[in-house]
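Given next, in structure tokens, is a single chain: the form predicted alone.
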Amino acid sequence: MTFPESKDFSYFFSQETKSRRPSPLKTCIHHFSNPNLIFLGGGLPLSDYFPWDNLSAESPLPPFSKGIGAPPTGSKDDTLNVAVKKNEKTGNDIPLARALQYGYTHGQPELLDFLRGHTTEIHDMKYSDWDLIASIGNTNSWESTLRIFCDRGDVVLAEEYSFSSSLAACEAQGVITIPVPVDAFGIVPEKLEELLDNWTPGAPKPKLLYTIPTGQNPTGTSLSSERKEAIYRVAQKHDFLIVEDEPYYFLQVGNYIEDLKKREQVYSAPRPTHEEFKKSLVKSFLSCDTDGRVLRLDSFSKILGPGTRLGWITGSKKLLKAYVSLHEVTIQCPSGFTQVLVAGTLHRWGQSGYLDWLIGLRHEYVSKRDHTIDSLAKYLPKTEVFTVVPPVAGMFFTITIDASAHPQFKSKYNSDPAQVENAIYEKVVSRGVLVVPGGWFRTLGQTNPPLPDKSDKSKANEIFFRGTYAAVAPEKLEEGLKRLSNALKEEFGLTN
């Protein structure tokens, strides 16, 4: 099937992006690989002086029959070896001499080739001129996105609670963040449309919608395919770009099954085939995109390891070229060591083995999510004061609390839910467990002239705390949830 090209959204570019010219030195770097040219044009060190002659690592071997957490023993039955030489080009490996050199701002070709194959397999691309480039993780990708598209005073839409670092990046650049209403299933498309349909005349219209669609941080909500399609139609109607920040996309754990017998049947079922796994994944915004108005931010941080500092951005080539120009004068390129090891591992696993890894990763997170919800059901007071909605993806759970039910809500805390939130935070820390107040993630911003207040007054006294089930072993997790529940009982004067 032949697809059309993406639309040209360069009119969204910031003044910084419009003012940037290609780095003259970068325009000649491609000549470096020409063996017939004596290259005296750039400050590239001679690779003979790189002290590392080779790079090697071991990883588990697909299909990871002992689980992804089982360490390789060195046996050929369960261990995969990655060994890359400085000046040798073997298969799809990135030669170490090249990886440690300047250049390849896009990312090393061997890594990008694997990721393009992965993208084709996972996402239903609907326009022809898409591509991807490497980044140093989604935090970098988002900060770059703001610089590329936004000037001071520009407007970005975000979930009413969103990742605090992403909001801080907006604040530092003078970008206004406008909260979008959410419920237990993420952004509510009808409320997003209502917000934009009733936008105050004269107020700057939003350029971007920033969203964490799957396992949202901090709320743990996940957007359905149907909601994504509806949100995409709103983006077309009101002409803004969608930035989907998706570090948790492959941590989709499905619905929580309370009945233990039914759960055991699911647990004991054969592991899904690759096709079954791919069909189980919620449709991405990228798969909805016919215009090239979606920029997808992916990362290896939650899949392989945060310290890899490696991710990728997928979108229209027309937009990605602005990222390359920016990265040429900022990050240069992701770490060569990381690209060698990650690309070497992925190519040896193959697309099939990588899917095996992702399936195994999901299995681990299903167990962690279930253990968390089971423990909260066991220890948390049985009252309407506390609400837990089991997440269907990601690393986070939330406990929503009716602050007005606190016995000293009026007398001690002046009917201020924020004061109750702080009191609970101090209480749980004193009891030896850390969860994070939802107020730390609040999206606050207002245009000039201001938008009408559409906040849900029925939730005025509602607060929540975010916890993670990813960071500790099951026994520590349960003990932490027990301490948290006891602290809440004590704070609210409850006995059950």
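We number the residues from 1 along the sequence you see. These numbers were taken from a predicted model, which means no experiment stands behind them.
The same protein has a further form, the form predicted together with another copy of the chain, not shown here; the description that follows concerns it.
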| property | result |
| --- | --- |
| Proximity to another copy of the chain in the predicted complex, single hit among V329, V266, A184, M125 (heavy atom within 4.5 Å) | V329 |
| Option touching another copy of the chain, based on a heavy atom within 4.5 Å in the predicted complex, out of L241, L341, L380, I178 | L341 |
| Close approach of N461 to another copy of the chain in the predicted complex, 4.5 Å, heavy atom | no |
| 4.5 angstroms heavy atom contact with another copy of the chain in the predicted complex for K237 | no |
| Close approach of R152 to another copy of the chain in the predicted complex, 4.5 Å, heavy atom | yes |
| Distance check, S10 to another copy of the chain in the predicted complex, heavy atom within 4.5 Å | no |
| Location of another copy of the chain contact in the predicted complex, chosen stretch of 127-135, 381-389, 165-173, 190-198 [non-hydrogen atom, 4.5 Å] | 165-173 |
| Heavy atom of each of P206, Y232 and G493 within 4.5 Å of another copy of the chain in the predicted complex | no |
| Residues in 54-85 with any heavy atom within 4.5 Å of another copy of the chain in the predicted complex | N54, L55, S56, A57, E58, S59, P60, I68, G69 |
